[in-house]
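Below you will find one chain, with nothing else, as structure tokens; this is the form predicted alone, and questions on how it binds or moves follow later.
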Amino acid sequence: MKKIILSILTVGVLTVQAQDTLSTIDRQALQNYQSLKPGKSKFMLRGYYHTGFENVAEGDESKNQFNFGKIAPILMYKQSDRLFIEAEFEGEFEDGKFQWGIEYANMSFVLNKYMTIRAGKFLLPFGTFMEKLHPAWINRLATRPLGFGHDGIAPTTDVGVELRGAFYSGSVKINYQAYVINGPQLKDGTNEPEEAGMLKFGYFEDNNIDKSVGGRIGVFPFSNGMLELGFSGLTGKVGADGSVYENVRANLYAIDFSLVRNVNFLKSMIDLKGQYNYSQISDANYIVPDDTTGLFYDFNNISNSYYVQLSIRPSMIDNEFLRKLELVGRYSSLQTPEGALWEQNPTQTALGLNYWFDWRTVLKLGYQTTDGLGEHDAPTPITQNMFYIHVAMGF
């Protein structure tokens, strides 16, 4: 009987030990599995769309049409609390065909609460308009200021790596961005002779081994954050390797400001913004178009542009309809090099009245007039008037 009891106890002890061993193995396997997990991933689809009607009159010619506008889905993926991916696609009609493009696509990694690094194609923080204000539901008007966008002098996007963040110096908040990119490229007149000396932005491939460097510093001098002052710069070689323009360099600068505050006696919120751009490109000789004798010409390749915009929204009055209205005015100017075949000096005044259905859906009515020397491929005096009705929605 004693032997039987002893045998039962021995089997029980061995069973408990085996279970403990298995539990230890299971726990270790679970810990190993959890350590390999990438984290809690999340996916989000955002973006915007705008469409409308436009009437444009220039000289004796005029046209009016409904405009498809643009749809821009933005894909955002969170791999973990530190790793993010974002990409914006753009779909619009161009030359009678619907085309898709990539505005930007990049990956960000949070180093600490003061520093984030990102790589890929991103909107350049050269001033604030292109990076923060150009989406149709954020831009208070249906058009961009002179000097931005197609054939503008302000950079838009590029491919590279960027370090950004923010910190406090006493009560003053400072944000910063510093980046290394492929950089803008010089148009030497080979393909488009009338645009020789211009810069082209946003290309995926570099035309030389030199990399452009730049950055922006934004300062909030008041503790309530109502005012931001920004200073931007970008420099690098823009000529193609092996060409006569390989040492041509571009230096770009910008100053921007933003003032947002409530004005009690108007029962309104005012939003005042502006940006000044300056572009300086090294002197170079360009081939005279359609000449067979080898003639060259040159010019002082300096351009500048600026805009100032004010919007007023009576957000503190009692009437619900009036609270959703916003009055906008903007003045902008562009000055390109005298003597260049793409010489321009237009000025533009734009006025708009917006109705906000909600914080991200807006109906825009506006009028815009542009005067001065325009049409960079054949500089001639122009006077263009435009009336538009647009609707834009962020989603």
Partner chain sequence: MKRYIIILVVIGALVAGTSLNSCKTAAVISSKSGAQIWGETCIRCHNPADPATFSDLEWDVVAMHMQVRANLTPEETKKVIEFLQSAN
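Positions refer to the first chain, counted from 1. Remember, predicted model here, so these are calculated numbers, not experimental data.
Same protein, other form: the form predicted together with the partner chain, not shown, and the subject of what follows.
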TODO: Please determine, with the chain shown alone, which of 93 to 101, 191 to 199, 76 to 84, 286 to 294 has non-hydrogen atoms within 4.5 Å of the partner chain in the model of the complex.
DONE: 76 to 84
Open item on the list: Please tell me whether any heavy atom belonging to Leu353 falls inside 4.5 Å of a heavy atom of the partner chain, as the geometry stands in the model of the complex.
Closed with: no
Task: in the model of the complex, Asn319 touching the partner chain (heavy atom, 4.5 Å) - done: no
Task: Ile138 within 4.5 Å of the partner chain in the model of the complex, heavy atoms - done: yes
Open item on the list: Whether Arg313 contacts the partner chain in the model of the complex should be assessed with a 4.5 Å heavy atom distance threshold; does it?
Closed with: yes
Open item on the list: Using a 4.5 Å heavy atom cut-off, which residue among Val308, Ile255, Val161, Val213 comes into contact with the partner chain in the model of the complex?
Closed with: Val213
- [ ] Could you check which residue among Val244, Ala119, Leu229, Val260 gets a heavy atom within 4.5 Å of the partner chain in the model of the complex?
- [x] Val260
Open item on the list: Check for me whether the partner chain, as it appears in the model of the complex, comes within 4.5 angstroms of all of Lys42, Ser108 and Met115 - heavy atoms only.
Closed with: yes
Task: Stretch 181 to 208 - residues with a heavy atom within 4.5 Å of the partner chain in the model of the complex - done: none
